[in-house]
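Shown here is one chain on its own, the form predicted alone, set out as structure tokens.
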């Protein structure tokens, strides 16, 4: 029978036994409750091996893609190495600052080059650690490249400790520590004809742009509608690059929204798409917008399982 490895220890399974049962029988400490695949407290991630498909059915597509499964209903079919979501099974590398470009009065694009292989999916986020230990997270605005280049959009916040350092003090050629990736807001190539709706405010554009670039690179043919909003025009950026993408990819439309003089991005989006049934929806940026738009998208027909969110919480 297959063996499950957890926290460096091997747990042989018996016929008909689930991953959770095998671990508990042999002293493994793993959270659990209902033991029927409902409460999800036994959620784990397969870091090696393939979990049974039946143990992933109730999860979001992006969680399945990252190897998460419900251990209480998973009868392993092959060797598995598993970890708890809180175990921080994430990567670490160093990266060198290659370029810094000002995109708007308080928004900068940083290009970094990873020192070694650092797998990720565009739209996820990474954490940067300064030499004194201060950490902040930023979204990945482009798919992985063969040369290890990473693109981030950083808003320079007033009195922002790390954002100010990244946008002003960090010298070109300097190294930073990267941890990650994390997050479940990314493109899934399972249905290239499915319509995609993306709504973001401020630097919430970063993960959405990453998702759009990834979708187009993977040959997505369904409609892609991107709405980018800000209170004032100087909060919008990359209009030229996005407009160029709409020329080369007719299935992409791009709408700018300034709430000081017109409708907010989410209001404009749902005005243009009053029925979100069948759409995959991505919402990033202002937490209040994300929460309200998530509810609205659901009420207009989108499945909750097809709504992916990344609310930004300011930390400086």
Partner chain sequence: MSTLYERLGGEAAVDLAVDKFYRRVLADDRISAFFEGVDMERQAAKQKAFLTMVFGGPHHYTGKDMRDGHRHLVARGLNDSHFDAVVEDLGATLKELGIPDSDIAEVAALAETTRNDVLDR
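Residue numbers count along the first chain shown, from 1. Note that the structure is a prediction, hence the values are computed from the model and not measured. The term rigid core refers to the maximal set of C-alpha atoms that superpose within 1.5 Å between the two forms.
Unshown form predicted together with the partner chain; subsequent notes refer to it.
- Contact with the partner chain in the predicted complex holds for all three of 298, 302 and 307, each having a heavy atom within 4.5 Å.
- Not displayed here, the partner chain is approached by residue 36 to within 4.5 Å at the level of heavy atoms in the predicted complex.
- In the predicted complex, at least one heavy atom of residue 291 sits within 4.5 Å of the partner chain.
- Looking at residue 249, you'd find every heavy atom of it more than 4.5 angstroms from the partner chain in the predicted complex.
- Within this chain, residue 60 lines the site of the partner chain in the predicted complex, having a heavy atom no more than 4.5 Å away.
- Heavy atoms within 4.5 Å of the partner chain in the predicted complex map, among the stretches 249-257, 22-30, 38-46, 262-270, onto 38-46 alone.
- A movement of the C-alpha atom of residue 294 falling short of 2 angstroms is seen between the shown form and the other one when the two forms are aligned on their rigid core.
- Here residue 259 does not count as shifted, since its C-alpha moves by less than 2 Å between the shown form and the other one after the core is aligned.
- When the rigid core is held fixed, the Cα atom of residue 249 travels less than 2 angstroms between the shown form and the other one.
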